[in-house]
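Encoded as structure tokens, the following chain is the form predicted on its own, with no partner shown.
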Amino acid sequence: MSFVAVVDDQVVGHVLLSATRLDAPRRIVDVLSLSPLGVVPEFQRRGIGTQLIAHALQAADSQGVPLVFLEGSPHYYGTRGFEGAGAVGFRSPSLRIPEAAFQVARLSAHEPWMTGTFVYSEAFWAFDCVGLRDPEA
């Protein structure tokens, strides 16, 4: 799912939800990953990113998606419906993702047994879009 924010016929923001999976004890669960989120610099700090996130989470929830994961700032996303994923029973798909950055939004279809390892789809791995890279390596 992809959503844009428009101001005066100009696209000023975008958010994408991509299909991913959770390897849970009972079965594989279809979930989503929120990435990327972007707002044109001159339109930042106006609540556009917050609105895009809220709209994306509402759309996911209305489609029965139980979980939305992301890698990002806990300060920013923690006030927008996300919490530390490791602290609530999820395992990161990569050691390159800092623990604080691995976050999840538990939606209304989430059930307590839905814990386990978050699994990115192949495109994230193919384009090396998972976690942080050591700039010295």
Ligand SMILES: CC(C)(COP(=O)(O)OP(=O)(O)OC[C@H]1O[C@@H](n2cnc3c(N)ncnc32)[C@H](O)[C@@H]1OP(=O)(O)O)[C@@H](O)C(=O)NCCC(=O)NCCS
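Heads up: residue numbers just count along the shown sequence, starting at 1. Computed from a prediction, not measured in an experiment: that's the story for all the values here.
The next section is about a form of this same protein that is not shown, the form predicted in complex with this ligand.
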property	result
Stretch in contact in the model of the complex with this ligand, which is absent here, among 104-112, 34-42, 87-95, 55-63 (heavy atoms within 4.5 Å)	34-42
Exercise: R27 in contact with this ligand in the model of the complex, heavy atom 4.5 Å	no
Proximity of G47 to this ligand in the model of the complex, heavy atoms at 4.5 Å	yes
Heavy atom of G81 within 4.5 Å of this ligand in the model of the complex	no
Partner contacts for 63-78, taking this ligand in the model of the complex and a 4.5 Å heavy atom cut-off	E71, G72, S73, H75, Y76, Y77
